[in-house]
Each structure stands twice: as structure tokens, then as C-alpha cells.
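Below sits a lone chain in C-alpha cells, taken as the form predicted on its own.
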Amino acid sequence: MKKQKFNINVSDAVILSVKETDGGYFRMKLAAPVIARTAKPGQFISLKVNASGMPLIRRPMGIFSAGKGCVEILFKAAGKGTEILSKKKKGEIISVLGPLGNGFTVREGLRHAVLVAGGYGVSPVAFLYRELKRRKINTTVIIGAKNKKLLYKEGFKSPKITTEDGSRGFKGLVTGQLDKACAGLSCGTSAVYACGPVPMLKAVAQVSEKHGIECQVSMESMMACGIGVCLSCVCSVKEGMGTGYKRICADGPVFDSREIVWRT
């Protein structure tokens, strides 16, 4: 997969808004013109959530949207760092590092894209969705969650919803809808893009491969530095006849699914 070119910028960004939305998610908008101008779908930023103390390590966040001098992120208050983020107020300043990593590749000649999002994976998928619509590429969106309370579908037009308990949309996993969506697609002009938990990504990769459709996956991992120095976020990849390792933050987070050695 061709790597995106990116420039890393460290800046103090003004928080323009923080609001709780569907599924218990929070959307935060930041004034970050340099990052907004260069960010690509699938890339992420790293935030210093507390300038004066713990936690010391920055928090990586997938970019939900970027444009007009602003960057948005979508997150849940699931830990200490994100809990602090959720309580930030308009006008506060936060240190932002980014854009980081290599994003999704939209090749020339692509006519149909299938986007699959699970859990937090909806954030980079939403950014990519807007880019594909801008390019007038026919797009199918599949969003999965354990139940309807955890769904986030704002901004997507007619997404196919799946919940494991059947409380909203189709009951089951995203792979059921993906299998249907891929049937009949041309392998030369179609692609699958996915972000979510690793077991879901593995299953999405298997379905895509069955249909001969290109598949790009955005890998999720705990990250410390976010720039490839600490080596805390490696994944196994195919390397010749054997296995090697790549850094999810710097070499990814987006990979060709055929490159990954799935261990789950």
C-alpha cells in the first residue's frame, strides 16, 4: 500500500466546543489550522490531556473531521485521560501533535467502497466517508455495536446497522452485511475499508478476501509516543516467507489486510 506523505505539527489548539452525542460519545472541535489543512482520512492526532500533571502520556485520537481550520475528534469517556477530555470547556487550550500515521488510500478508478465501522472505529470511517462522497464514489456503510445504546451513526446516509443483541437494525455481526454488500462487486473497482476491534478486522479481512475485494484496515492499539519511537504498538506482518513487525502508529495505522498476520 502506498504510504501517505504527512508533516507532523505540534501546536496549542483552542477548544471550540465539546458536546455529548449519540451512544455516549463526545465530539470535540479544535482550532488547528495546520493539522486541518494536511490531515488525511485514517490519520490521528495525539493530545496532552493535562498540561500540569497526570496522565503524562498523550492520548491518540482518530480524526473525525478536518477542514476550515478545525479538527474534530469523537471519543468515549472510557478511562482517566478521556474522562479529563470530556470535561474540557470551550476556550481552553490543549497541546496537539499531528497529523500522525498513514491513512486510507483511495486509488484511481475506485467506483464502489464498503465502509465497516465497529465501536470507536466510526471516527476515521466518518472522515473517509465524507471524502468518498466528495469524490462521488458510490459508498455503502456498515456500522456495528453490541447494542443500540453504543451506536453512533450521525452524518451517515442510510447506513446498514447491526447489533449483537438485535436491539437496532440487523441482529448479528457486521460480517453478515459485509458478505451481502460484497456479492456482485467488481474486484477491480471496489474496496473495503474498516476500523474497529481486531477480531472484527480479521473477520472483515476474511470476507473481503473470499470475494477478492481489496481491504484496508485501520488497526487499533495502545500507543505511548505515537511517532514510532517507543515501539509499544507493533503488529505482526508477513515478511517474505516469515513474519516481521511494523509499528501501528508510524507504519500504519492503516494496512492492507493481506499484510497482517492475524493472531486472534
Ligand SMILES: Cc1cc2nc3c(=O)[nH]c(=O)nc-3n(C[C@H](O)[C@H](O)[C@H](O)COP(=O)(O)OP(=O)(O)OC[C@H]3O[C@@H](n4cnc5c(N)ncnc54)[C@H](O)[C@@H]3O)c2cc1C
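Note that residue numbering begins at 1 and tracks the sequence as displayed. Quick caveat: nothing in here was measured; it's all calculated off a predicted structure.
Heads up, the form predicted together with this ligand isn't pictured, but that's what we're talking about next.
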query: Which of 196 to 204, 221 to 229, 235 to 243, 31 to 39 sits within 4.5 Å of this ligand in the predicted bound form, heavy atom basis; finding: 221 to 229
query: Partner-contacting position among 155, 79, 176, 188 - heavy atom within 4.5 Å of this ligand in the predicted bound form; finding: 79
query: 4.5 angstroms heavy atom contact with this ligand in the predicted bound form for residue 74; finding: yes
query: Contact test in the predicted bound form: residue 70 vs this ligand, heavy atoms, 4.5 Å; finding: no
query: Distance check, residue 129 to this ligand in the predicted bound form, heavy atom within 4.5 Å; finding: no
query: Contact test in the predicted bound form: residue 123 vs this ligand, heavy atoms, 4.5 Å; finding: yes
query: Heavy atom within 4.5 Å of this ligand in the predicted bound form - qualifying residues of 54 to 78; finding: 57, 58, 59, 60, 61, 62, 74, 75, 76, 78
